[in-house]
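Form predicted on its own, single chain, as structure tokens, below.
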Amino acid sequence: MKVKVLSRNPDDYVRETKQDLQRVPRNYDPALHPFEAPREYVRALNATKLDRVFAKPFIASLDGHRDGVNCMAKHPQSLSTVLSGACDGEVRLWNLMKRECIRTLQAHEGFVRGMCTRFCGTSFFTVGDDKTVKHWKMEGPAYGEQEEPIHTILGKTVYTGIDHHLREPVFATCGHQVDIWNEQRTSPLCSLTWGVDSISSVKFNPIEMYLLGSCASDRNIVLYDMRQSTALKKVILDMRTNTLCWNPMEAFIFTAANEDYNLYTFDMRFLDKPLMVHMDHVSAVLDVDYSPTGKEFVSASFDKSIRIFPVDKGHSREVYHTKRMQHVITVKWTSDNKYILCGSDEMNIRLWKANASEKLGVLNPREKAAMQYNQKLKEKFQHHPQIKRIARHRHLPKIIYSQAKELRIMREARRRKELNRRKHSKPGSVPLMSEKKKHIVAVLK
């Protein structure tokens, strides 16, 4: 004889405390919820509107430099420590939690052209217009001691950039050529060059650590292998590339910031065309830095704004600007993926939220669950016209708005001219060229 017993587990319906919500059993059968999609659409619309209401990305401004901020570096061990170098040769260390300068040193005569921290975080390197590479301790001098570098390397030419290997006591500088140095020696281990022009930036790959990328003023992006002491590949673009940044999650991917207002994401194995062209700035792009997740990057431009781009999208998801902000020279994404730092011409370092409407501080579990639910709703309905319009809308300075409008007109005129030329030419004489291939001049190996 079979007896079916009704059993109810008290954990499913009994509250632990009086403050808890009543647990309601939920039947997920879609036939019982005929109006679920319209309800969720309204919730997604409200969540998108609230996102724009609470979008207050600016957090703080770090004042103290007496000249434009030219370069910045992140501390590899401490999230709250950041270093900045100015155009008057001054280097400052900042505590982001207290939002104050904890140390100041006069590092160079003239511009501080580049700086990087050692992988252990105990020291950092700076290069400047005075043709020197200086190695400094991260801690300040003890009482009675002078502020002096650990050691100084005198070079023959001006160094324009520096980057440190992520595991070994090796660093690379660039200027007239790319030099690989050991920390203990005063002469380079090897010098790499391909072309004759000055090199503006050099970066180690954070995954394949023996690979380097450099940008030269003759419009080249050159890739080197430190083990072979040789250059691997070179891609020549229409205009000069100011700097590049490697994706910290994908070994072969890097993004280049160009003078033609665009950013180009390349796969180093296939340099004949970029994976994506990111086109939203209206002036030269001066710096770029990846988020630690490798899914987004932030770019700094001469048009007095910074933009956040998803790696796989051609247009930015966010643009930040203030009335006082001038040409943004350097930008960094913090290692906890929450904040962005930018240094600009008018002597300020600004701290921004990476997600403009994110609530700072500790969230309780219900808040966290509600935010995750809203995020999923926004993703589900992101292509609906009204939600798309509200999510995309940004207030831009008049100068950026008018320049963007002008660029659109110019782009449309070029497209029309090309169509007319193709229409009135012999078939096949004017080939159809994609936007990705237009900007590549040549690839050399």
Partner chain sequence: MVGGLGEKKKRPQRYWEGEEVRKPEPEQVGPPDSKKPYQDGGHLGKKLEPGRRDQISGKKRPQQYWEGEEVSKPEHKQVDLLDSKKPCQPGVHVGKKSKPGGRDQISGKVDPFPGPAVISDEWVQKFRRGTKPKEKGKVSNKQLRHKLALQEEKAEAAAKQAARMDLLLLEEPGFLEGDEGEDTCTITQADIADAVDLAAGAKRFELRLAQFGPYRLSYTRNGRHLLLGGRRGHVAALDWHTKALLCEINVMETVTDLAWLHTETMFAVAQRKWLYVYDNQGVELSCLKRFHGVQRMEFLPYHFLLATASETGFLQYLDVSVGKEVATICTKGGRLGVMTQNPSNAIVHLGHSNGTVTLWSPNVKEPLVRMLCHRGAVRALAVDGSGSYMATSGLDRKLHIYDLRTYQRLHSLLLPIGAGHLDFSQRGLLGAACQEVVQVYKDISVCPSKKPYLCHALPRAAQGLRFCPFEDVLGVGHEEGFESLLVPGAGEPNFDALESNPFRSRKQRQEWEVKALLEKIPSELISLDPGQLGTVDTISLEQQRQERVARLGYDPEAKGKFSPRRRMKGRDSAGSRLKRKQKVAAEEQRAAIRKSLAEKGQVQEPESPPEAFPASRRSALDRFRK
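Numbering follows the first chain given and starts at 1. Rigid core here is just the name for the largest C-alpha set that superposes within 1.5 Å across the two forms. These numbers come from a predicted model, not from an experiment.
Not on display, but discussed next: the form predicted in complex with its partner chain.
Peer 1: Closest heavy atom of Glu406 to its partner chain in the predicted bound form, within 4.5 Å or not?
Peer 2: Residue-level check for Glu406: no, no contact with its partner chain.
Peer 1: Can Arg43 be called a contact residue for its partner chain in the predicted bound form at 4.5 Å between heavy atoms?
Peer 2: Arg43: contacts its partner chain in the predicted bound form.
Peer 1: Examine Leu32 and determine whether its closest non-hydrogen atom to its partner chain in the predicted bound form is within 4.5 angstroms.
Peer 2: Contact with its partner chain, yes.
Peer 1: Using the partner position in the predicted bound form, report whether Asp12 sits within 4.5 Å of its partner chain, counting heavy atoms only.
Peer 2: Judged by the heavy-atom cut-off of 4.5 Å, Asp12 is in contact with its partner chain in the predicted bound form.
Peer 1: Counting any non-hydrogen atom inside 4.5 Å, which residue from Lys56, Arg415, His395, Lys398 sits next to its partner chain in the predicted bound form?
Peer 2: Exactly one listed residue reaches within 4.5 Å, namely Arg415.
Peer 1: Is it true that Gly64, Gly428 and Ala442, all three, sit within 4.5 Å of its partner chain in the predicted bound form, judged by heavy atoms?
Peer 2: None of them does, since no heavy atom lies within 4.5 Å of the partner.
Peer 1: Using a 4.5 Å cut-off on heavy atoms, which residues of 2-31 contact its partner chain in the predicted bound form?
Peer 2: Residues within 4.5 Å: Lys2, Val3, Lys4, Val5, Leu6, Ser7, Arg8, Asn9, Pro10, Asp12, Tyr13, Val14, Gln22, Arg23, Val24, Pro25, Arg26, Asn27, Tyr28, Asp29, Pro30.
Peer 1: If you line up the core, does Arg421 shift 2 angstroms or more at its C-alpha between the shown form and the other one?
Peer 2: Result for Arg421: no, shift under 2 Å.
Peer 1: Tell me, please, whether between the shown form and the other one the C-alpha of Leu32 is shifted by 2 Å or more, with the rigid core used for superposition.
Peer 2: Result for Leu32: yes, a 2 Å-plus shift.
Peer 1: Please say whether, between the shown form and the other one, the C-alpha of Pro10 moves by 2 Å or more once the core is aligned.
Peer 2: Pro10 C-alpha, core-superposed: shift of 2 Å or more.
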